[in-house]
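Heads up, the chain below is alone and in the form predicted on its own; it's given as structure tokens.
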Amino acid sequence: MTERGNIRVKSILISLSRYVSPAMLAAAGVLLVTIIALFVPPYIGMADNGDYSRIIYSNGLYILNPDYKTHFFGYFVKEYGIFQHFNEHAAALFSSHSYFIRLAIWLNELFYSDQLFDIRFQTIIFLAMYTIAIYLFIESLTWKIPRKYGYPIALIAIFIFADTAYTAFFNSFFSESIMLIMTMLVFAAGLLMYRNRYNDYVLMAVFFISALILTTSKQQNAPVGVILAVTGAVLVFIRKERSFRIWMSSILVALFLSGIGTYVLIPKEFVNINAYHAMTRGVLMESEDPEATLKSFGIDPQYAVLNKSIYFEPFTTVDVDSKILEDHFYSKYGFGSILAYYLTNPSQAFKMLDIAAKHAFTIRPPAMGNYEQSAGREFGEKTTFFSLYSNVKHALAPKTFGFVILWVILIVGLYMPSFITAVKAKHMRHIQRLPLILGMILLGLSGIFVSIIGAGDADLSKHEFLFTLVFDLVTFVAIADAMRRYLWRSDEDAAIQ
């Protein structure tokens, strides 16, 4: 390139850095890619696996296509009917997702139709929130650092978080879309407080609202509120004002209670489904002597015949909803007793964790297709548009729980020096970085442990979404910190960055 060309490139980069920050670049890039993926034919979304009925009917929507069941797992459906008269369907479960569906219906009726619902109105809401989340997340990592580090970080963010394995969830009624947005906002709010960017009270509100929506979006997320309440305790001390500490303490208590409340409000039907799989697809599945294992729970050994069976099988040995199972099977164990069993049988526990690890790095559930039937694609066909990252991650990530342990050790080891520096310097605001990252890691691990203990290996690829998301977020932060030379500095400045 000529000297004149070099000067022109430098001039363009200077102009870009003046008007477009790395955070703006990342947000704009993710927005553009996602609009192309979800709003330009052939439309990309997620096929129903049978779970949509749990959330749509109680919120005033119904399935239009009489052959809809033939679409299960295979085809994405973007249009649904809106109830015009009395809706007899009660809520099957409580989920914060319902509020977003109702807002989307309101927008749909305002701008499109009061009889036909287009799921893309929900997608518009999610995409707007996701763009904000991306901006705040990248701003927390690139604020006040040289653009030569900031722009590459932004490009990596686009590569990872614009991947259609993530964004296709927006065109669905799965709560993973909410989990994606709210987990990123929780992390971003914590990092922004750490770096003293924006108003602490505003960030406190973002942290609380996002964490509350995340906790209540799905029954499996009940531990999320408890984990964030405990690990977030360090946030109380980032300011000395009494009012700030009272507010922060109050929202942490509220998050703790929301976690407990989410668990308590799990409907009995879903408790039995999960309990059935926790035993038949978990404890018994890897047991060398199922009969003896059942005896240890005080259950008649004859129920070993249920080993490896699934709750939804059309033909079963015994009625899974019968009083017999209620009295002599379900009532004999629970989350606590299964946890105790795995703790006293570590070899069996690690077998289950290895099974979980095989699904822990898959963003897109393998069973669900991404295209409408009208697109002329094969049943269950998945999109390849902007999905290089998710495909590479699925193919190359080691599928053992040992790798997960090594990853945790590596991340903690990388951030320990700066944590020690902050502690010695008594920088209360900057001490929070490692606890924040540990909190995120615990959120991810809870996705694995709760899945295994609560439902065995049933539908692991969806149940472990929180882990694969946290893995990407935390690993991305570590890469960004390495690029901006944060990780290898042990002086006081490193603690402040």
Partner chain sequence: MLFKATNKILLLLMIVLLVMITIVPAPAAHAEADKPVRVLLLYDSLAKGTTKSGNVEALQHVLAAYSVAVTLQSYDNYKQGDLQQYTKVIGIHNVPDIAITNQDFVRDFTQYRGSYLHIGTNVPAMVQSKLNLQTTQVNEDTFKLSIDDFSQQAIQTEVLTYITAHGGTPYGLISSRSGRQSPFGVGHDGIAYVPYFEKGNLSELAIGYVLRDWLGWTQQSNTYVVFKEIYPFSDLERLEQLSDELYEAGIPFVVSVRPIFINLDYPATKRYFETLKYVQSRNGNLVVNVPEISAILSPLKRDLNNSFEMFIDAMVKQGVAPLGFGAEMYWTYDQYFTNSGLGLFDTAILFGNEEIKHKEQAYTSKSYPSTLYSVQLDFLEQFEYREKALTDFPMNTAITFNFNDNGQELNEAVKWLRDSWVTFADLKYGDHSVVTQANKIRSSGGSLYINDQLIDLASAREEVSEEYEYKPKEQKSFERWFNVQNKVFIVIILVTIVAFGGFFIIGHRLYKRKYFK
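Bear in mind the structure is a predicted one, so any value in this text is a computation, not a measurement. Positions refer to the first chain, counted from 1.
Separately, the form predicted together with its partner chain exists; it is not shown, and the next lines address it.
Of the residues Ser337, Ser113, Thr344, Thr316, just one reaches its partner chain in the predicted complex with a heavy atom at 4.5 Å or closer; this is Thr316. This chain is drawn without its partner chain; in the predicted complex, the residue among Phe403, Trp106, Phe312, Tyr99 with a heavy atom within 4.5 Å of it is Phe312. Stretch-level contact analysis of 233-241, 422-430, 71-79, 150-158 against its partner chain in the predicted complex, using heavy atoms and a 4.5 Å limit, identifies 71-79. At a distance threshold of 4.5 angstroms between non-hydrogen atoms, Ile324 is in contact with its partner chain in the predicted complex. None of the heavy atoms of Met184 is located within 4.5 Å of its partner chain in the predicted complex. Interface residue remark: Thr383 is not counted as part of the site for its partner chain in the predicted complex, having no heavy atom within 4.5 Å. Within this chain, Lys358 is remote from the site of its partner chain in the predicted complex, having no heavy atom within 4.5 Å. Annotation for 279-302: interface residues with its partner chain in the predicted complex are Met285, Glu286, Ser287, Glu288, Asp289, Pro290, Glu291, Asp300, Pro301, Gln302 [heavy atom within 4.5 Å].
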